[in-house]
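Below, in C-alpha cells: the form predicted alone, a single chain.
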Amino acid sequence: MYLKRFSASQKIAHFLISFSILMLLITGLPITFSSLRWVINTFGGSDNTMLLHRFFALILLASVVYFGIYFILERLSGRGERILSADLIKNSIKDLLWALNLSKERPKFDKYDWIMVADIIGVPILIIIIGITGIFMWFPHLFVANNPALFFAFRTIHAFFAVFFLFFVFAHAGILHLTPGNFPMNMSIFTGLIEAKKAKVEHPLWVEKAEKINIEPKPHKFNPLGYVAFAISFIALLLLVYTTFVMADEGLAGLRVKGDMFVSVGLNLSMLVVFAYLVATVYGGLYGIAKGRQP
C-alpha cells in the first residue's frame, strides 16, 4: 500500500525548482571558473549559456513565487501540515544522536522531518540572495552605474552562494537519494506517493492522517553502487570545500581560480555529477507523469 505524500502542485514546483537550479549551476559556474570552459563550448558559446542562464533564472524565480504563494495559502486554509514546532529542535538533536548510534530511540516525525524543514526554509533564502545579486549584475546600469566596484562585490557574493548551492545539492542527493533504502532514486517527490511501510518508519505521526492508495509496491532491491555514487559526490564535496578556501584567500581573484589541480578536479567532477543529477531529475519527472496517467 502507498500513501499520498505530495500534491500535483508540489511535484511541479519541485521539478521546476530542481531542474532550474541544476541548469543555473551548469551554465553559471563556467562563467566564474575558467577550468569549466568546456561546458560553454558544449552549449555553443557564451552567448548561448548566458541566454540559458537568464532563462532558467526567470523560471526559478517564478517557481519559487508560485510555490511560496501555494505554501502560504495551503496553511492559511488549514490543509497544510505545520512545519515548525517546539519539538523540532529537540527531535533534530535526537535524530543526529540516533544516526550516530548514540541513542537507541529514533524520534518520531510528522510529515516533515527537520532536514525537510531546513530545505523548505533554506532553499528560498538562498534563491533570494542569488536572485538579488543576479538581477544587480543583469542590469548594472540601473543599480551599480555610479559605483562599479559594487558589481564585483555582487559577483563575488553570487559566486560564493552558487558554490554553496552545490554543497546543498550534494547533501540533498546524498540524504534523500543515495542512501541504501532509496538508491538510485527516491521517487516519492516525482510520483507523489510513499510506501506505507517506509512512512511508518520515517514519519509515524503522519501515517494515520495520510490518504491511502491501494497499490502493491514493488520490493526494493539493495544496490551496492549506491556507495560508489555517494563516495564520488562526497569527494567532489570535499574538493569544493577546498575551492572555497582558495577563493577566500585570493579575494576577487578567486572568481577566476585557475592553476590549482585540486580546484580544477573538484570543479570538473562536480560538474559531471550535476549533469548526472540533471538526467536523473528528467527521468524522475517523466516517470512521475507516466505513473500519474495509470488508473
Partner chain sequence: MWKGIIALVITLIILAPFIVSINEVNQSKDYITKSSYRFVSPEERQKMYLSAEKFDKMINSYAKILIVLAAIAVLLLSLVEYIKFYKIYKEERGGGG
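Computed from a prediction, not measured in an experiment: that's the story for all the values here. Numbering follows the first chain given and starts at 1.
Same protein, other form: the form predicted in complex with the partner chain, not shown, and the subject of what follows.
K.L.:
Ok, Ala149, Ile121, Leu205, Leu84: which has a heavy atom sitting within 4.5 Å of the partner chain in the model of the complex?
P.N.:
Checked against the cut-off, the match is Ala149.
K.L.:
Find the only residue in Asn268, Ser46, Thr244, Ser34 having a heavy atom within 4.5 Å of the partner chain in the model of the complex.
P.N.:
Selected residue: Thr244.
K.L.:
Applying a 4.5 Å heavy atom distance criterion, does Ile232 contact the partner chain in the model of the complex?
P.N.:
Outside the cut-off, so no.
K.L.:
Is it the case that Tyr112, even though its partner is missing from this view, gets within 4.5 Å of the partner chain in the model of the complex, heavy atoms only?
P.N.:
Taking the distances in the model of the complex, the answer for Tyr112 is no, it never comes within 4.5 Å of the partner chain.
K.L.:
Indicate whether Ser77 is a 4.5 Å heavy atom neighbour of the partner chain in the model of the complex.
P.N.:
Yes, Ser77 lies within 4.5 Å of the partner chain in the model of the complex.
K.L.:
Should Ile69 be counted as a contact of the partner chain in the model of the complex, where contact means heavy atoms within 4.5 Å?
P.N.:
Contact with the partner chain, yes.
K.L.:
When the partner chain is placed as it is in the model of the complex, which of 232 to 240, 22 to 30, 260 to 268, 38 to 46 ends up with heavy atoms within 4.5 Å of it?
P.N.:
So the stretch in question is 232 to 240.
K.L.:
Hey, which residues along 159 to 186 are within 4.5 angstroms of the partner chain in the model of the complex, non-hydrogen atoms only?
P.N.:
Heavy-atom contacts within 4.5 Å come from Phe160, Val163, Phe164, Phe167, Ala171, Ile175, Leu176, Leu178, Thr179, Pro180, Gly181, Asn182.
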